[in-house]
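Take a look at this single chain, the form predicted alone, given in structure tokens.
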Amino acid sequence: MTDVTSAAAGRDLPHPDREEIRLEAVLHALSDPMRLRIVRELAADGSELSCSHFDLPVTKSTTTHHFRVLRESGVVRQVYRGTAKMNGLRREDLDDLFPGLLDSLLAAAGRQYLRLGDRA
């Protein structure tokens, strides 16, 4: 994990370095419908979104867990901007490590959503 030595280290969150991201962890993170929904929204927006942006039908503690799994797997990067925890998709890292994977998963998830709606 990346070591952070800034003055705000207490507010910095650990992320795997690019070379530490493993396919199994990425696939596990994306196997959950709520986490896949988060990633779909991040990909569609293309920029950082705050945790509060996402209206998930789960408790706050479960939402926090989902974001932690995504961060620790290397799928998203979380940073504090003031009091907001911002989330960005690590698309460049994922595309370099696993070419085509993210686009294929997002396309499949989009087709599934069209077929099943919110039940997916």
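In case it trips you up, residue 1 is the first one in the sequence shown, and so on. Fair warning: this is a prediction, and the values are worked out from it, not measured in the lab.
What comes next is about the form predicted in complex with a further copy of the same chain, which is not displayed.
*Asks:* Residue-level contact is defined here as any heavy atom of the residue lying within 4.5 Å of a further copy of the same chain in the predicted complex; does residue 28 satisfy this criterion?
*Replies:* Contact with a further copy of the same chain, yes.
*Asks:* Just checking whether residue 116 would be counted as a contact of a further copy of the same chain in the predicted complex - the rule being heavy atoms within 4.5 angstroms.
*Replies:* Flag for residue 116 set to yes.
*Asks:* Is there a heavy atom of residue 36 lying 4.5 Å or less from a heavy atom of a further copy of the same chain in the predicted complex?
*Replies:* Flag for residue 36 set to yes.
*Asks:* Would you classify residue 13 as touching a further copy of the same chain in the predicted complex, given a 4.5 Å non-hydrogen atom cut-off?
*Replies:* It does not: once a further copy of the same chain is placed as it appears in the predicted complex, residue 13 has no heavy atom within 4.5 Å of it.
*Asks:* From first to last in sequence, which residues of 88-114 have any non-hydrogen atom within 4.5 angstroms of a further copy of the same chain in the predicted complex?
*Replies:* Counting only heavy atoms within 4.5 Å of a further copy of the same chain in the predicted complex, the contacting residues of 88-114 are 96, 97, 98, 99, 100, 101, 104, 105, 108, 109, 111, 112.
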